[in-house]
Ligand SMILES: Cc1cc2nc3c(=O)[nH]c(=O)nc-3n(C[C@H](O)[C@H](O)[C@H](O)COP(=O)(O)OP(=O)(O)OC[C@H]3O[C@@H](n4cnc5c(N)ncnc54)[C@H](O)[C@@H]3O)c2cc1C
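Take a look at this single chain, the form predicted on its own, given in structure tokens.
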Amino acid sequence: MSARIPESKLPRIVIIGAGFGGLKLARILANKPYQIVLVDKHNFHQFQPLFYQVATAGLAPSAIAFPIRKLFHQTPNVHFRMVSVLSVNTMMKSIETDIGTITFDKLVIATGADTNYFGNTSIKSMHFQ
């Protein structure tokens, strides 16, 4: 398989992660003299702080989750690929994904954060009802 990123004379910046940080950077660099490749394992962005509003029918789900491609559909220098990143090779300036290799001139890792249970593993498996 191939990531099918078009060749460009512009410097390529690969952004891993389409959370708040990755999207903000991609929006700043949109329409600038760079080729931006935004990769994420999901094809949507969600605003998690408002989940409770959806759960209580205060907001429609579409108000807090939206497709990433829609943000950049009129931005020719930004390309989105829904992939899982398998490895990063800084010497070869490339990332290996489940659809192939993507090369870069600059790499930004904006994968966000995970919940920290502070070593309390019993909480991790709890289901709150």
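This structure is a prediction, so every number in the text was calculated from the model and none was measured. Position 1 is the first residue in the sequence shown; the rest follow in order.
What comes next is about the form predicted together with the ligand, which does not appear here.
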In the predicted complex, does K32 come within 4.5 Å of the ligand, counting heavy atoms only? no
If we define contact as a non-hydrogen atom of the residue within 4.5 angstroms of the partner, is P11 a contact of the ligand in the predicted complex? no
Decide whether V85 counts as a contact residue for the ligand in the predicted complex under a heavy atom distance cut-off of 4.5 Å. yes
My question is simply whether Y117 lines the interface with the ligand in the predicted complex - judged by any non-hydrogen atom within 4.5 Å. no
